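Only one chain is shown below, in structure tokens, and it's the form predicted on its own.
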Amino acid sequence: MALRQLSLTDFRNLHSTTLDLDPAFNLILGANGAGKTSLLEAIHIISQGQSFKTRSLEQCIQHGKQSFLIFSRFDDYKAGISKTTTDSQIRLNNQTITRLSELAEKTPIRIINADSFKLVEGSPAVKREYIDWSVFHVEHTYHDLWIDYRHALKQRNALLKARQPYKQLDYWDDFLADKNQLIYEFRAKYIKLLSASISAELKRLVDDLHITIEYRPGWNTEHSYEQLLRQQRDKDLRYGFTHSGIHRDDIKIFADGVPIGQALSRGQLKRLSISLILAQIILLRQMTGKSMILLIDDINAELDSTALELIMQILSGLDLQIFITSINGLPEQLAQSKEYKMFHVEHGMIRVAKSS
């Protein structure tokens, strides 16, 4: 679902502007600190309702101003977000919405930037978020399942800290067990599919190594989760939190059967991180038919020319709207595209440099 028009008012260091965007390729040029990443951030916020840079959208309000406004026109809907120092509002087709998921499910969006490499080097929480993004956009019930699980986990942990009677814990144990099993099954399914996608379609990005993604559940699956909660109750009461469950899941990645940290060079790890994101995009398209937006921040910074050429070749075959920032000009493969727009950002001012 392509973003056709974006309007910004008092967002970060960017001058207020309205941009008409290309449905396929958009290149954003400018020096470091000019505002290129802020433009990508605004696109992410209007698509997702959240920033990839900060948890507090208040930080996105331009210095000296009291609020920011982002308005957008997509292929078949309109969205707007306003944020003041005390309040925020999201509008979808002129109706106020209260659930971020209503906005996020409209147009899936991913970003490739320096933080993307945490997918292979980061914490289990980062890897869980990676899997959850895929499942959220394919399985309509997943978001509510996860919300219910988090609520139940919070309630159970509160009871554990307060040393409440076992009878109350029994209720939340049963509730957690049901949600835990369903989320586990969804995650296990999509990890297999993502692993297969990398092996089948993206091997050239990782030098034809056989990449496998192994799901490590956050509990001993030889026992039922409900049974395990009761077995570990004394331990959970002693420490005041729930030790086992899908909130402790992890993912391990192997190259030719060897942990990637031992098998891959720094450059290969970076390309593997991008492969993980591209696998999500390919799988989403295959399973839902949805198109999506891909943001690539500072495309030349972390990749050599060979890797960059491979990635651009892969991207050219996908149904995506792509926004790329660069300080070094136009990637050759993008220049060969029949249609693209180029924007130049300087001191927060955005102007159209080329439209074809």
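Numbering starts at 1 and runs along the sequence shown. Computed from a predicted structure; not experimentally measured.
Here the subject shifts to the form predicted in complex with a small molecule, a form of this protein not shown in this document.
How about His44 - does it come within 4.5 Å of the small molecule in the model of the complex, if we only consider non-hydrogen atoms? It does not: once the small molecule is placed as it appears in the model of the complex, His44 has no heavy atom within 4.5 Å of it.
Please determine whether Leu315 contacts the small molecule in the model of the complex, using a 4.5 Å cut-off between heavy atoms. Close contact is absent here: in the model of the complex, Leu315 is far from the small molecule, nothing within 4.5 Å, heavy atoms only.
Would Gly33 count as touching the small molecule in the model of the complex under a 4.5 Å heavy atom rule? Looking in the model of the complex, residue contacts with the small molecule include Gly33, since a heavy atom lies within 4.5 Å.
At the 4.5 Å heavy atom threshold, is Arg55 in contact with the small molecule in the model of the complex? Answer no; every heavy atom of Arg55 is more than 4.5 Å from the small molecule in the model of the complex.
To verify the annotation, which of these, Leu69, Met287, Ile327, Leu308, has a non-hydrogen atom within 4.5 Å of the small molecule in the model of the complex? Checking each option against the small molecule in the model of the complex, the one that comes within 4.5 Å is Ile327.
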